[in-house]
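Encoded as C-alpha cells, the following chain is the form predicted on its own, with no partner shown.
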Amino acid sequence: MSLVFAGVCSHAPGITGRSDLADPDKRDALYAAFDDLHDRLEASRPDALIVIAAEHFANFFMNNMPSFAMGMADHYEGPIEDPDWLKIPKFTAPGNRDLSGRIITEVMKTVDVSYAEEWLFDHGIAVPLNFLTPNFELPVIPVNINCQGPPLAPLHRAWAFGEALRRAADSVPERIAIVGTGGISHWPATPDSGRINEEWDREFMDRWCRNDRSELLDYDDLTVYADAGQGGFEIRTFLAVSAAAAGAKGTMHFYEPIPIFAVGCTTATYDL
C-alpha cells in the first residue's frame, strides 16, 4: 500500500512516571496532545505501526550494539523498567512477524539492519504506546537507532535508513504508520537532568517541519552534545521519519519544556 502516517513524539519516562509531580496544566495539555496524536494515527487506518526509538541499553549493550535494528516477532513484552516506577503496567504488545520480515528484507537492499526475534520494550517505546495504542490493538514493529553508544551512525545514514523504511512501506499491501520517538534536548542521568534548551528545540523542530534535508543533516554530534545534551543524539529517530516522509511538510502540534519530565515535550506530524 503505502505510508499513511508519519509523526514524532517525546518518550521520556517522567511523562508517565512523574506525572503527579508536574504542573497539572502543562501535564494535561501534553496528554491532550498525545490524545490528538492518537486520533490522527487512528484516522489514518494503519494495519501496523513502526516505532523508531532509541533503545536505552535494555536489549543491546556494548558487546553487541547495532546501528539499526528491527523487531521480527509476533509479540513483545514490556516495560522492562519497574512498572511502579514507570507507572505503566506490564503488557504484551502484538507484532507481525511476517510483515516485519518483508519490511526488513526490503530495507536490507540498501541499508544494513539487524533484526531481533525477542525484544523487551523500555520506556522509549512503552511510553508512546501507552498513549498511541493504549489497548495494544495495533501490531507494532519496533525499530532501534543507536543513539547511546558511540560511534553513532552518521546522520546521513539515519536519513538513508528512513528512506529505506519508506520504500519498504510502499512495497507491502498493508497500510503502514511510522512514529519516531526521542528527545529533543535533554541531559538524562546527569547532574543537568531537567535542563531543556527551548531555543534549540524550536529551531530543530522548525527545520523538521520544513523537512529541510540539508539543514537537518547540518548538525554534528559535538555541537548537539553541547547544545542539547547526550539525549539530543536521539534526533536520529526524528530524521529517519523526515526521510520517510519524502519531502512532505510538517506541523508541530505541541511543544512545552517540562523540567520534571526532563525534556522538551513534543508532538508533530507530516502531511503525507
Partner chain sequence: MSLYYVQKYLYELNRSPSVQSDYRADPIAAVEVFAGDGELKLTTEERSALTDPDIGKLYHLGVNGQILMHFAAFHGIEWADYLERMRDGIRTHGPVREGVYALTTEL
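Residue numbers count along the first chain shown, from 1. Keep in mind that what you see is a predicted model, and the values were worked out from it rather than measured.
Just so it is clear, the following notes concern the form predicted in complex with the partner chain, a form of the same protein that is not shown.
A.B. asks: Would the partner chain be touched by all three of Pro94, Val127 and Phe254 in the predicted bound form, meaning a heavy atom each within 4.5 Å?
C.D. replies: Per the other structure, none of Pro94, Val127 and Phe254 touch the partner chain.
A.B. asks: Would you kindly say which of Ser193, Thr105, Ser114, Thr110 lies with a heavy atom within 4.5 Å of the partner chain in the predicted bound form?
C.D. replies: The residue in contact is Ser193.
A.B. asks: Where does the partner chain sit in the predicted bound form: which of 59-67, 242-250, 200-208, 33-41, heavy atoms within 4.5 Å?
C.D. replies: Going through the listed ranges, the match is 59-67.
A.B. asks: My question is simply whether Tyr76 lines the interface with the partner chain in the predicted bound form - judged by any non-hydrogen atom within 4.5 Å.
C.D. replies: No - in the predicted bound form, heavy atoms of Tyr76 and the partner chain never come within 4.5 Å of each other.
A.B. asks: Do Trp85 and the partner chain share at least one heavy atom pair within 4.5 Å in the predicted bound form?
C.D. replies: Output for Trp85 is yes: heavy atoms within 4.5 Å of the partner chain.
A.B. asks: In the predicted bound form, is there a heavy atom of the partner chain that lies within 4.5 Å of any heavy atom of Leu138, even though the partner is absent here?
C.D. replies: The answer is no: Leu138 has no heavy atom within 4.5 Å of the partner chain.
A.B. asks: Considering only heavy atoms, tell me if Ser185 and the partner chain come within 4.5 Å of each other in the predicted bound form.
C.D. replies: Because no heavy atom of Ser185 falls inside 4.5 Å of the partner chain in the predicted bound form, the answer is no.
A.B. asks: Can you name the residues of 199-230 that have a heavy atom within 4.5 Å of the partner chain in the predicted bound form?
C.D. replies: Tyr225, Gln230 sit within 4.5 Å of the partner.
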